[in-house]
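Given as structure tokens, the chain that follows is alone and in the form predicted alone.
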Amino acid sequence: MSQGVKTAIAGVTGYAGAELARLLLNHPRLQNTPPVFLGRMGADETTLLWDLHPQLARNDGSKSPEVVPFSWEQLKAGGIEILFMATPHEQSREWAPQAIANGLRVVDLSGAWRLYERANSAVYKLEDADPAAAAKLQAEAVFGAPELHRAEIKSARIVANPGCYSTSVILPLAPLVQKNLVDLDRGIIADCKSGVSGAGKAPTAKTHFMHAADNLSAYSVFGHRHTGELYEQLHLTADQIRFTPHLLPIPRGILSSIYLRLKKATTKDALDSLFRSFYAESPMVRVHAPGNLPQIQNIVRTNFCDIGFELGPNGRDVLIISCLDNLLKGAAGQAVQNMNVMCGYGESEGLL
């Protein structure tokens, strides 16, 4: 699949689905093979993409793509090769095995396939019609962080897109944790703040304008569903990392402040070299110079994860700041990045 892969998106109505549609419609490799947009299974009629997302409309006289009812027959007839699922966790858990059985490759944006240990995945309260088959597919699923699992993603049949918060914590910590430089007995604090779109399109009392505007609030303390991804991908325990998410009164973007202590004193230049070496082949990670800390306004509507740090006077205390757009690097952009890896395209194609 080196050119013109045939794709489909299930779940195009939400924020992440809209961004995914925009990216695929403008992807340079897909100009002759635009994605198929899928609505609800069993729906009686089609809708138009531009009616759902007017921001995607074009001024070239082209007709709006149809959002057609979901069906496996539709996917087979269209020769679809990669199915993106921007669907609820329960729906993705049900449909992914069927997609694989129909010869499709899957990039799932939900949390249905991200977690391998039952103690962590239980937060989603998922039930499988065939637990044995689901467990087998779960073992095959690849955690879709290209910077960490590029080789496995390339040949994967199912890629589980990481959570937005977890991406913002895993990427800045991975270089240090993998080198065994962190004093885990002192623990890691991940203080993370996200725009309101991270909660999805359906309004709730806490994402309502009257609650979120002019406010900053912590939520899901000691129980956020992305926490298990930190444990599994960084090989940490609950005693070694504390993650607390907060709701920012902005539409999109995440800023994570990560506090840790190193086992041995080091220098700013050494830390800078470590980060740059680790991400030398990762075009979607931008490492800032020491003391130049990332800001949300510089990553919004991009697929970059920006990483910067400050080193304390003792050479051991480190503050890392990471920023990303929760709808792009934290969702749709990372999904397209995974597709690029799966198809042998340049990793940043369609994302810059």
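Numbering starts at 1 and runs along the sequence shown. Please read these numbers as outputs of a predicted model, since none were measured by experiment.
What follows is about the form predicted in complex with another copy of the chain, which we do not show.
Check: Looking at Gln74, Thr266, Ser277, Ser257, which has any heavy atom no more than 4.5 Å from another copy of the chain in the predicted complex?
Finding: Of the listed residues, the single hit is Ser257.
Item checked: Ala139, Met210, Ala132, Ala129 - the one with a heavy atom within 4.5 Å of another copy of the chain in the predicted complex -> Of Ala139, Met210, Ala132, Ala129, the residue with a heavy atom within 4.5 Å of another copy of the chain in the predicted complex is Met210.
Item checked: Non-hydrogen atom contact Gln91 with another copy of the chain in the predicted complex at 4.5 angstroms -> Gln91 lies outside the contact set for another copy of the chain.
Next item on the list: Using a 4.5 Å heavy atom cut-off, state whether Lys63 contacts another copy of the chain in the predicted complex.
Entry: No, no contact at 4.5 Å.
Check: If you check in the predicted complex, is Asn32 within 4.5 Å of another copy of the chain, heavy atoms only?
Finding: Close contact is absent here: in the predicted complex, Asn32 is far from another copy of the chain, nothing within 4.5 Å, heavy atoms only.
Notebook entry, point to check: Might Pro290 be said to contact another copy of the chain in the predicted complex, defining contact as any heavy atom within 4.5 Å?
Noted result: Result no; Pro290 lies far from another copy of the chain in the predicted complex.
Notebook entry, point to check: Thinking of Gly39, Glu81 and Trp113 as one candidate spot, does another copy of the chain come within 4.5 Å of a heavy atom in every one of them in the predicted complex?
Noted result: No, because Gly39, Glu81 and Trp113 lack any heavy atom that approaches another copy of the chain to within 4.5 Å in the predicted complex.
Next item on the list: Specify the contacting stretch among 167-175, 117-125, 246-254, 82-90, defined as having any heavy atom within 4.5 Å of another copy of the chain in the predicted complex.
Entry: Comparing against another copy of the chain in the predicted complex, the contact stretch is 246-254.
Note to self: Within 4.5 Å of another copy of the chain in the predicted complex, counting any non-hydrogen atom, which residues from 302-325 show up?
What the structure shows: Going through 302-325 in order - heavy atoms within 4.5 Å of another copy of the chain in the predicted complex - the hits are Phe304, Glu310, Leu311, Gly312, Pro313, Asp317, Val318, Leu319, Ile321.
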